[in-house]
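Okay, here we've got a single chain as structure tokens, the form predicted alone, with questions on binding and movement later.
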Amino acid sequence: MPNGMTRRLFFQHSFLAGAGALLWQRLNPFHDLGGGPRAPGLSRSAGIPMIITSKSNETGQRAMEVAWEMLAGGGSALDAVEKATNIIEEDPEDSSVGYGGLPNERGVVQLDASIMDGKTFSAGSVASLENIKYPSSVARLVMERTDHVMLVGPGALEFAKSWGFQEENLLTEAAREEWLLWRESHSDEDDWGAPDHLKGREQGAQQNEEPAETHGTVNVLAVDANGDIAGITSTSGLSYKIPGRVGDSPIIGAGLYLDNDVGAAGATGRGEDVIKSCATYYIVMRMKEGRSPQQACEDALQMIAQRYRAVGLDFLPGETFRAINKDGQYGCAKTKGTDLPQMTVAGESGVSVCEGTIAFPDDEEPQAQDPDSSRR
């Protein structure tokens, strides 16, 4: 067995539509990063529709089921990714996207989203949008009804309201409680929390609680029966961020990029490093050069790590990338950790939760590697 084969095994958890049964299947391993033929077992004929999302929970699976019905009925990739993203954005249990997302440091939920339509090579995005549950749909209107790409803050809100979106409080009670806990526990030097003479004493169950934190995001990427590609990235951003902070999600080429002749890529994780590396653009360009989606995602993680090593830093930011191509191949990879990254895939064989790879597992020492070495 080649080195690294264990961590590169790809598992498919097939939730067959209609039957509702859960089947476990082991797919063929990903091909090694050195190049060569594309990974066996992951190909479909061009023009056969498929859709993936970074969410692997029940809501993500339901979103894929709904979106797949649209694609299977001849619907467009653009409509399918928007519908799927809306289902995820309205889930109050998801603390990283839309309604229920964790707020900034002032307790205000600010949302970012981007959308691309490969058929027309169009893009739209919104950033720091408040009080609107579906930022991805507002981004689509920016793309289709203006000659701009990005609207931000109050301007984005005014634009959304002009199209009939209703303002609503996006801070759920659960998210508000997490924010209050964070406000009282994130520093011992401010005035939040117990009075000074009581600090250090038991203050009930909250004393031992850790506030929830997230920099999660949702990507939805699709190819329709016509071979057209569309994608969305949507997020509530880094929890407890400085008000006005914008991550990679609404930035074309960072949180989302696609080429209708090649494929699409989306990013989740800490957005600052994705912005600096133009990671999704890099992934799509690697696929254009012949790399599979899986290989291209891993290439991007190696590229980011190498950039830090070039300036003398052994730093690995927490990123996860997912990608698809025109042939119906897909892949995902994350920088580090022990739990394999997941995504939900919907196609003609059903709805499946799949696991990808870890570029630098916790039990492995990071090694400098030229991400372009496969070209030689």
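Counting begins at 1, following the sequence as shown. Being a predicted model, the structure only gives us computed values, none of them experimental.
As for the form predicted together with a small molecule, it is not shown, yet the points below apply to it.
- Taking the partner from elsewhere, T268 is found to have a heavy atom lying within 4.5 Å of the small molecule in the predicted bound form.
- The closest heavy atom approach of G237 to the small molecule in the predicted bound form falls within 4.5 Å.
- Taking the partner from elsewhere, R245 is found to have a heavy atom lying within 4.5 Å of the small molecule in the predicted bound form.
- Taking non-hydrogen atoms only, S292 never approaches the small molecule to within 4.5 angstroms in the predicted bound form.
- For the options G124, G216, G118, G101, the residue carrying a heavy atom within 4.5 angstroms of the small molecule in the predicted bound form is G216.
- Figure note: of the listed segments 300-308, 73-81, 269-277, 167-175, the one touching the small molecule in the predicted bound form, with heavy atoms no more than 4.5 Å away, is 269-277.
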